[in-house]
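Quick heads-up: it's one chain on its own, the form predicted on its own, in structure tokens.
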Amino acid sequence: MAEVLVYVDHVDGAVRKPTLELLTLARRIGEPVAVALGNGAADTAAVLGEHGAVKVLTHDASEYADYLVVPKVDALQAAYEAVSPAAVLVPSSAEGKEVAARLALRIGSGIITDAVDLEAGDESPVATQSVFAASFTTKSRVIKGTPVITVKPNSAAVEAAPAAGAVEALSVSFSDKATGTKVTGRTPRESTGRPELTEAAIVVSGGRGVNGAENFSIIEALADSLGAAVGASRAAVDAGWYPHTNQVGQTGKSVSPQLYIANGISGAIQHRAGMQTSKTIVAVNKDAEAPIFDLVDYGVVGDLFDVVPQLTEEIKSRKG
């Protein structure tokens, strides 16, 4: 069976959930070979092996932390040349898409971004994408070179599938461009204790109907009762009620959780583009004619200041 390269997204050896989802998809089309780079790369092997990686190629060097994406592209290209894979899968983050695009250009291959599903094809893997602000679903495949595919978080279930997970050192020679852009400083993101927005299984969002930054505590309380991430519409962000890092939509982040709860959000196309692929959508809005109700699985016509606190209390009572 052909091997499939999987680029590992990890933080000091802690593997992030989208990578484990990629391993699930990679097993559909071949044998997953993981590529882990940077500090803690070797520590990823146990988890990756538990989820199907037959091999884990590792390499650690200061360049991965000190410079931007080019050292990672150099390493992924080295892995590609060593393995000759049937496909290369990369998490569809901002950095992941840049790494994937640079790799595809170097190896002369086609690229598919933001796939939401993947299946084996007669000639090459077939990727499913949600396009044109999630108005259409397409299936496509790369017809030139080795497919390089980025996959959105929450596109597949994490499935344990124990494999060898044998660790092998990857030989990497950095190009002259690897040190072209140096990282001069980092500011740790303030932890809220909530899941990462793009990776969360449940997202609770607030929009213009929240009517002020001070009222987002209602949204946060519901999110915390569900163990969910907090999102916001563009209107709420532009009004300064919530940080841009939490914006869901075409000019924010795209999410695809199992459950998306929209509170006080009208459902403009800009917002729908970022959440329309959610598995189940619930909306709370006092305007029965709001466009969001054309999209939802369940809708509540009512004032969010009445509905959301009651929902939060009901969830807490059932948990208690």
Partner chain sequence: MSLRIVVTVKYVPDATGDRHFADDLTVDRDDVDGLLSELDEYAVEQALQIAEEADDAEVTVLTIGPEDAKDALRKALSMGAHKAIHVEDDDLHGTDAIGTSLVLAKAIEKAGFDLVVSGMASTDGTMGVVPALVAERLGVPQVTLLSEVSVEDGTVKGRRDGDAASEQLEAQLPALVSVTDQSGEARYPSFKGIMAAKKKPVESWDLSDLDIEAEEVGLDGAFTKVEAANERPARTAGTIVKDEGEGGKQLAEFLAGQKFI
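Treat the numbers as computed from the prediction; the structure is a model and nothing was measured. Residue numbers count along the first chain shown, from 1.
What comes next is about the form predicted in complex with its partner chain, which is not displayed.
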Discussion item. Please determine whether Arg208 contacts its partner chain in the model of the complex, using a 4.5 Å cut-off between heavy atoms.
Written reply: no
Discussion item. Residue-level contact is defined here as any heavy atom of the residue lying within 4.5 Å of its partner chain in the model of the complex; does Val300 satisfy this criterion?
Written reply: yes
Worksheet item: With the cut-off set at 4.5 Å between non-hydrogen atoms, does Thr113 touch its partner chain in the model of the complex?
Response: yes
Worksheet entry | Heavy atom of Thr277 within 4.5 Å of its partner chain in the model of the complex | yes
Item to complete: Look at the stretches 210-218, 78-86, 158-166, 92-100 and give the one with heavy atoms within 4.5 Å of its partner chain in the model of the complex.
Response: 92-100
Item to complete: Would you mind picking the one in Ala134, Ala235, Val230, Leu170 that has a heavy atom within 4.5 Å of its partner chain in the model of the complex?
Response: Ala134
Worksheet item: Quick check: do Lys17, Ser62 and Ala120 each get a heavy atom within 4.5 Å of its partner chain in the model of the complex?
Response: no
Worksheet item: Who in 167-198 is close to its partner chain in the model of the complex, meaning a heavy atom within 4.5 Å?
Response: Lys177, Gly180, Thr181, Lys182, Val183, Thr184, Gly185, Arg186, Thr187, Pro188, Arg189, Glu196
